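Given as structure tokens, the chain that follows is alone and in the form predicted alone.
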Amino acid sequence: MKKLIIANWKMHYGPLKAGAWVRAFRRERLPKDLDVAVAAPFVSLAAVRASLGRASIPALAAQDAFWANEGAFTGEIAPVMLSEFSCAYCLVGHSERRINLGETDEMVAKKAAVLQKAGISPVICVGETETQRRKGEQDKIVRAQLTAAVAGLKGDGRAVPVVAYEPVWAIGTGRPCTPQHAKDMHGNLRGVLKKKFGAAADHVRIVYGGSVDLRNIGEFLTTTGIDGALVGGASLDPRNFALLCRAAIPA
């Protein structure tokens, strides 16, 4: 199973800058044994798709979706709309949305299920806060988040989900968790997936996010069993992100 690196631009890059980023990134050399995706804002999806042309690297991802394919939901984006851009992935349950917009485990589960039905792999974000970690509740919290999120998913090989473990206290702080902590949580999450999907759980990639950069990406991917990374700030410069991708899979 190939490693997966996802660039999450968050609220950066309108159509002009997004298109320029993709064109610059495509000039970079990337490891062959690596899947790469870019999670762009909704308004930039068309520009990214146009700049990609027929290329499949990087794959296109969205940063969120609604749990219905049509209806009176002003301002929301349906999974079937994302399918028209050939989105391969879509983030759901990112901690910034849980905290700032009040998204619940139930909402995340509904989004993930509708995305999978639309043929888009949901990237399910889970992670504990600093307070929960200090109380020793991280395993219980993250297991509960993932158990709820995968409840409506199928393990039939179509639109295989991705799990992104992002400890909230590490996102954007420059203070990533230790490789040992990531390894322990990887095993914790894998257990939830095994219970839900059985042998099919082996095809679900678990990636790490939270202050991932060029200096630590190699250690996370080679010593923890983690299957990739969800990269925020370190993905905003196309050349630096390409360097990070090469560091993830040493020659």
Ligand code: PEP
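Numbers for residues come from their place in the sequence shown, where the first is 1. Everything numeric here is computed off the predicted structure, so don't read it as measured data.
From this point on, the text means the form predicted together with this ligand, which you will not see here.
- At least one heavy atom of K10 is located within 4.5 Å of this ligand in the predicted complex.
- For G228, no non-hydrogen atom is located within 4.5 Å of this ligand in the predicted complex, even though that partner is not displayed.
- This ligand in the predicted complex comes within 4.5 Å of no heavy atom belonging to G152.
- In the predicted complex, G119 stays away from this ligand, with no heavy atom inside 4.5 Å.
- Contact with this ligand in the predicted complex, defined as any heavy atom within 4.5 Å, is confined among 64-72, 187-195, 26-34, 205-213 to 205-213.
- Out of the listed residues V108, C87, A170, V114, A170 is the one that sits within 4.5 Å of this ligand in the predicted complex by at least one heavy atom.
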